[in-house]
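One chain comes next, on its own, written out as structure tokens in the form predicted on its own.
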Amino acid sequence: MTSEILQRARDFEAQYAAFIPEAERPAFHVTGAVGWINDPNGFSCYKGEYHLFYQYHPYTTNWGPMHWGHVKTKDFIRWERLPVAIAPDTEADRDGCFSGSAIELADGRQMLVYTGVYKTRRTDGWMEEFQQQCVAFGDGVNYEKYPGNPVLDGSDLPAGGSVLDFRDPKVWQEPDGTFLMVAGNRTPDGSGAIRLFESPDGTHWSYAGTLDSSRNEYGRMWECPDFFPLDGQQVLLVSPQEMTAVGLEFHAGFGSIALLGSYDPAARRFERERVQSIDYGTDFYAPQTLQSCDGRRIMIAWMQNWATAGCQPQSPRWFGQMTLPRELSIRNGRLIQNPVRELEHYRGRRVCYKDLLVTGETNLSGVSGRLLDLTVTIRPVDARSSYQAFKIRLAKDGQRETLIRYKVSSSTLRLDRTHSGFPYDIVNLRDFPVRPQNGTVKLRIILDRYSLEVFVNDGEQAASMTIYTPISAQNISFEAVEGAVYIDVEQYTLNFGQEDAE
């Protein structure tokens, strides 16, 4: 039965989404039909299709009482919009349906697991927000909330666990049928921890242990956990708040990190061995993964950051987008990310340059646009350092541009969107170390209308950044600073029907 609150959101979405021309949205990155989106939720396979839900406030382009928006796809590139899935319409979630996950059940239903929020005012006037875990069941379009919600609340936490910061459940099922769930929480020292829970049926849960905790080393509250095996190792993804900058590996504020290690399923014990940033750009948060039908681990994230989300262009009726889904693997002890291979099915015209000597700034015939899959390989002319830096200017029109700069002496890559169309100053620079191979650096750059994603050295590192430069800014240039460099350039336009002409 559809509640009045949910129906109102569905009606609003259906009425006002039509006022947003598709040409004013990203071509292949997920946005809401209208309004605001943030964290990806419920990224899962259901009846042979891939479903993605997301934190959604359709009524404005600002964060508000959270609903779950909904899309699905067969190839991770073209997405079909579905009606709003759930809304804050019960006592257990009256102030918001926060982030969570989804799973297909043996009986054919899809189970959503999410954080229900309710607020109460204390006697001193301070408003407190309580977070608890809830479930809903449905058919891929319509969902009924479990009448016994919440299925987990503060009383289920271990001693000292925060009842105010307990959110973002990620659920999966073990081969023996047991359901397991990880959720973010805080420990008595105020730092983040990932709690593990188990259930025989998805509705009756009990605490099973703590997988890992920050101990105030990697930020404080750990949000949006994910936990999965990959290439013989176990990976725990978390999004810490209040990170402290550590060199160029971890930037301050809101981050996303991967903890790699081993897992003993019988003892429910995770042993952390290595920690790394997931994405080195300005806009990446709350990643979530699924296992595809052919066995790949696919990750998607909110391509935004809480520190910059208040800076929006003035005209669009939508705000927030997801990253391009990425295939994950482990190589040389690092988490590797590359665009899903399905993107290659949308490649159009190819332009290629090999062993091109660049001195100063140059434009290349046929290399331009805003819907592109562009690979640039940078090689020194000889064994000695033959140049100081190399620059790629994208989305360029004479006044505006987005800059990628590789600096030889420090082996660092810089993304700079200072002149990329933002209405006021925010965090616009990000530098991070890269690992050249015999002096060679390979960059794969995916451009959509309002974003770029850079994949370094076949996915060893990734960096995401939103931009709002007018779509008419299509030029691309290459520049060797104080010297010369050889480059290979391979560009494919990306074709999506009526957008092909861009």
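In case it trips you up, residue 1 is the first one in the sequence shown, and so on. No experiment lies behind these values; they were computed from the predicted model shown.
Heads up, the form predicted in complex with beta-D-fructofuranose isn't pictured, but that's what we're talking about next.
Gln474 falls outside the set of residues with a heavy atom inside 4.5 Å of beta-D-fructofuranose in the predicted complex. beta-D-fructofuranose is not shown here, and in the predicted complex it never comes within 4.5 Å of any heavy atom of Asp93. Contact annotation: Arg167 falls within 4.5 Å of beta-D-fructofuranose in the predicted complex, judged by heavy atom distances. At a distance threshold of 4.5 angstroms between non-hydrogen atoms, Glu401 is out of contact with beta-D-fructofuranose in the predicted complex. Picking from 274 to 282, 203 to 211, 255 to 263, 220 to 228 the stretch near beta-D-fructofuranose in the predicted complex, with a 4.5 Å limit on heavy atoms, gives 220 to 228. Checking Ala462, Leu452, Met66, Leu52 against beta-D-fructofuranose in the predicted complex, a heavy atom within 4.5 Å turns up for just one residue: Met66. Taking Thr31, Asn38, Asn457, Thr61 one by one, only a single residue has any non-hydrogen atom within 4.5 Å of beta-D-fructofuranose in the predicted complex, and it is Asn38. Along 100 to 118, no residue reaches a heavy atom to within 4.5 Å of beta-D-fructofuranose in the predicted complex.
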